[in-house]
Ligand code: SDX
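Form predicted on its own, single chain, as structure tokens, below.
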Amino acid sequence: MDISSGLEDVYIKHTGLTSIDGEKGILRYRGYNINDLVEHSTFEEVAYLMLYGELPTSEQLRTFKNSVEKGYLLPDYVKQIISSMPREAEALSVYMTAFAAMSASESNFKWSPQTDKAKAAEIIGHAASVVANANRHSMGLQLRDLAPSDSYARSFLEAALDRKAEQGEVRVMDRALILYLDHEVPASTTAALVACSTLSDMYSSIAAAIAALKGPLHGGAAESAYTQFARIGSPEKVDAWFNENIVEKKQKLMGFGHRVYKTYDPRMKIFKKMATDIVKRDEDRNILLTAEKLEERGVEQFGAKHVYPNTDYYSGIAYRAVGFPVNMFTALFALSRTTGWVAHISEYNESEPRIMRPRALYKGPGPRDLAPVSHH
């Protein structure tokens, strides 16, 4: 039998959520091109689209936003748990712990098409409050619930950064939330589906997804790419660094390559423009110019092999320019992807779900006679 290492090209479900053309570099949510959604829709509208299948009317959007905003209020015991964690704890660990804790209130949870969407909206609201407070806790600030505003992105930013957010920053955050919202069934989404296939509750399923995202091969790519740019130092040093580390030492070029895309990741192009438009500080501008120079060298070296920059290449530069520290990048990815997770979870359980139970092909010793230990 053939074993698909890493489950590459193994199909585990039908989906009406996300389609990817890896050869042409096209990403669509519910049939809509990602470029059109980012340009003309808000995160709340796209979240509704993913959960319900159609873009909302004004009234549907108002009702949905109200449901999400109710989730801005975190249970007191969750805030106590966040406050009790070390200030230097990874934001993603705080996120995972908070969601595992909230599963404690789900002892009577039952999957139902009538209630799943309401629970999903609550979870989207909780996610913003948890991630915002993870950042506040790391800054030594008192925890607080998000305040409703004109947008999810603004409410999140102003709580997380403890200041008023500029309109340009809100727009970058809103677009980033859309860009990272879903990407079919990578490791974290698969982990969520494995958990929910056992009829576990949504909070536990999200905790499983976060645990998978936490690994550096999945969620940590934006942090790795940004750290790489900072380590190089300036555009003038790119060629020497590239020759020594990538050409001679054969090290991995962070932010390059994707399991699905064989050309430019369409999300990367949008993040690059966002980063270019939002950077103001000299430090951020230097990082951006370094990344652009490194992109040129990387494409020269790997383009013939269909290896190009992915969405994580420039996203960290945009996040940093908005005001987030590098160690928050993966949590920001998770905040966005939570909507994709709940959409996949709902879709899976509204079909004819089966518990996921793959097999392992045995290749150990053949039958052996047991000699009691005392006879050895």
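These figures come from a predicted structure and were not determined experimentally. Note that residue numbering begins at 1 and tracks the sequence as displayed.
Below, we refer to the form predicted in complex with this ligand, which is not included among the displayed structures.
Although the partner is absent from this view, residue 216 contacts this ligand in the predicted complex, with a non-hydrogen atom inside 4.5 angstroms. The closest non-hydrogen atom of residue 307 lies within 4.5 Å of this ligand in the predicted complex.
When contacts are judged by a 4.5 Å heavy atom cut-off, residue 148 does not count as touching this ligand in the predicted complex.
In the predicted complex, this ligand stays beyond 4.5 Å of every heavy atom belonging to residue 109. Annotated contact segment (heavy atom within 4.5 Å of this ligand in the predicted complex): 332-340, selected among 346-354, 332-340, 50-58, 37-45. Candidate site formed by 253, 258 and 312: every one of these residues places a non-hydrogen atom within 4.5 angstroms of this ligand in the predicted complex. Checked against this ligand in the predicted complex, the residues 137, 126, 183, 272 give one hit for a heavy atom within 4.5 Å, which is 183. The listed set 291, 82, 159, 221 contains one residue whose heavy atoms approach this ligand in the predicted complex to within 4.5 Å, identified as 221.
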